[in-house]
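Just one chain is shown here, as structure tokens, and it is the form predicted on its own.
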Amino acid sequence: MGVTFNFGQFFLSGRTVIGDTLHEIGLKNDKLWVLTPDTGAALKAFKRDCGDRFVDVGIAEQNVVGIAAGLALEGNIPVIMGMIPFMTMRACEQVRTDVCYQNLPVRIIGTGGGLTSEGGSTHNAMEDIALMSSLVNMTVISIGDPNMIRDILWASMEYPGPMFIRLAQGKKDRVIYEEGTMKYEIGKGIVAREGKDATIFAHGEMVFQALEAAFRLEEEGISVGVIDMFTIKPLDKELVLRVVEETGRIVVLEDHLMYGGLATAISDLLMDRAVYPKAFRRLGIPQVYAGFGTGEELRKKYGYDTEATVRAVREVLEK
């Protein structure tokens, strides 16, 4: 089925989609437990109708992971909803040892990916993909369209092992894909746009920006493909290798530190396979602690906004 786009005309709260989907699943699957470290505003329906399977531990991320691990050992599927910096850094040891070491089906849904939190350096999530990808058994997903959440959460009920699901702010997220045009399969990337001159790999909120840049470059006669690599681990190796062979000129765009995220995963794959693209460029957060501002303001400040993406594609085409 062909891909069609809303292209940013519609917005939706990712947190609301999470709450609605967990409520829907919870009414049908009594193995689902939902837990939160005091960030459960979107979970009111689940709490109302499945309250015996809802736990709010307060601001104690280490504790919520430990409780989730215990529930998983009893045959349940716990889902934690929290803020990314604290779920991936404050609770990193518990995620590693309690969850990943035992390969338990705990799902951690985090909001505030990249520089979208507007909460300054302490609340920005710059390292989370690197941290979670480094953990044995962990699946790492980055959501670009809030409507993806429903399919992925349903699929996660049957998916083995732990999972980290990354969202942007989760309050006003762009709906990118027209309903019914996409199939979301964990471990498989999405060819959001075909192109023959260059390819942009992106994930999360940066998928929309990549499409913006591709449409702008089309006006100059430049054909740019866009890959929504929403599953970062396991990486869709076949798709990456095929696209690199087809276009040879690659830009990786992510709202994460430039090293340790998707760009690193792709470059590691290419070096391991002795595949050398004609040009490779990574765009993301440099080695700084970004201050306050909106995601849009900070991406411009640190050189990975739409204009920078367009320039990066032009530059790789010169190689």
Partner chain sequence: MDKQQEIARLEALAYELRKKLLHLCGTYGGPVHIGGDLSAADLLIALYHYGMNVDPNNIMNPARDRFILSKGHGAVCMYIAMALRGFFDYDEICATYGKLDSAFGMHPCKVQLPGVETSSGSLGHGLSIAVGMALAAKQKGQKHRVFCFMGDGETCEGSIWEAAMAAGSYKLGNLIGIVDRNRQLMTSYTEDFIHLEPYADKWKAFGWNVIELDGHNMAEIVAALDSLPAPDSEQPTVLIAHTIKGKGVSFMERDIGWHAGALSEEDLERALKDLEATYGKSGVENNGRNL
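All values reported here derive from a predicted model rather than from experimental measurement. Numbering follows the first chain given and starts at 1.
This next part talks about the form predicted in complex with the partner chain, which is not shown.
Among the residues 127, 236, 98, 212, the one placing a heavy atom within 4.5 Å of the partner chain in the model of the complex is 98.
When you look in the model of the complex, the only residue of 139, 147, 94, 117 with a non-hydrogen atom within 4.5 Å of the partner chain is 94.
Taking the partner from elsewhere, no residue among 247, 279 and 304 has a non-hydrogen atom within 4.5 angstroms of the partner chain in the model of the complex. Residues with any non-hydrogen atom within 4.5 angstroms of the partner chain in the model of the complex fall in just one of 53 to 61, 253 to 261, 271 to 279, 284 to 292: 53 to 61.
The partner chain in the model of the complex is approached by residue 67, whose closest heavy atom lies within 4.5 angstroms of it. Taking non-hydrogen atoms only, residue 46 never approaches the partner chain to within 4.5 angstroms in the model of the complex.
None of the heavy atoms of residue 77 is located within 4.5 Å of the partner chain in the model of the complex.
In the model of the complex, the partner chain lies within 4.5 Å of some heavy atom of residue 73. Shown without its partner, the chain has 33 as the single residue in segment 13 to 39 with a non-hydrogen atom within 4.5 angstroms of the partner chain in the model of the complex.
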